[in-house]
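A single chain comes next, written as structure tokens; it is the form predicted alone.
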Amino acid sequence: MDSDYRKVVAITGSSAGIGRDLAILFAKRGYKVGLLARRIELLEQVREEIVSKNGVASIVECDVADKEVVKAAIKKIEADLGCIDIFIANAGVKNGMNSSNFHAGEASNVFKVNVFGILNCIDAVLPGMLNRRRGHIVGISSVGAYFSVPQDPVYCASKAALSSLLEGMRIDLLPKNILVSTICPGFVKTEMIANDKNPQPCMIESDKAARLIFKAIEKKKKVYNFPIRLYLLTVILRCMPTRMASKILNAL
């Protein structure tokens, strides 16, 4: 790892699941890790695990939906660890709301975290990267951004918005030496989907997902979709007539 670049990584939603596993993996590889999440007691546990293995970590209680809280959290991380070189926007929510139980207020809450929460994070971290003319922003989207499943269209819509945002920023920021990556996992075994009774094809473990995401970030991939079988299924479904796609989804 280059000693002058990508030394500090900050990760939202790092108290559990993919975010936690990514934090531990980055720490093992020699990065200083900024941990941001709402559950401070779980962040303490992650920090203790990192420090016990001679890693360096700073934690901040942070709700990404609160713009001012996010700005303060980024300042705290950079005061503790130094300038953020890689920012991973991983925090997200999923409520399993379909068309039958649709509620605008609940839909708004999903977008408040999955879309506006990312905007708050970018707003806080991007100015510093622009001043330094270097940095890497990573957004954790979903293969659901490519094809909105009927069991959870609001969640998929929020991820489609995120992917579109990152795509535009990637092109705009490239001349400024700032990389933007979009990571689109399929179903990952985390507490987010633990109580989800809908089909979950091609499920993978959280630690495996973290390893794949880490490699994609190291390779500076602009977009990374996995598992590939599930991604290809979403591409095929999108091209199919609605009735045929519905039959396939019902058969899963």
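Keep in mind it's a predicted model, so treat the numbers as computed, not measured. Sequential numbering from 1, following the sequence displayed.
Not pictured, yet referred to below: the form predicted together with a small molecule.
Candidate spot Ser15, Arg39 and Asn90, all three touching the small molecule in the model of the complex (heavy atom, 4.5 Å): Looking in the model of the complex, the three residues Ser15, Arg39 and Asn90 all sit within 4.5 Å of the small molecule (heavy atoms).
Consider the chain as shown here, without its partner, and state which of Ala210, Ala57, Ala216, Met192 has a heavy atom within 4.5 Å of the small molecule in the model of the complex. By the 4.5 Å heavy-atom cutoff, the listed residue in contact is Met192.
Using heavy atoms and a 4.5 Å limit, would one call Gly186 a contact residue for the small molecule in the model of the complex? Close contact exists here: in the model of the complex, Gly186 approaches the small molecule to within 4.5 Å, heavy atoms only.
May I ask you to state whether Glu44 is within 4.5 Å of the small molecule in the model of the complex, using heavy atom distances? Output for Glu44 is no: heavy atoms all beyond 4.5 Å of the small molecule.
Contact with the small molecule in the model of the complex for Glu49, defined as at least one heavy atom pair within 4.5 Å: yes or no? Although the small molecule is absent here, Glu49 would stay clear of it in the model of the complex, with no heavy atoms inside 4.5 Å.
Is Ser141 close enough to the small molecule in the model of the complex to count, meaning some heavy atom within 4.5 Å? Contact with the small molecule, yes.
Option from 168-176, 90-98, 128-136, 71-79 whose residues, in the model of the complex, bring a heavy atom within 4.5 Å of the small molecule: Correct option: 90-98.
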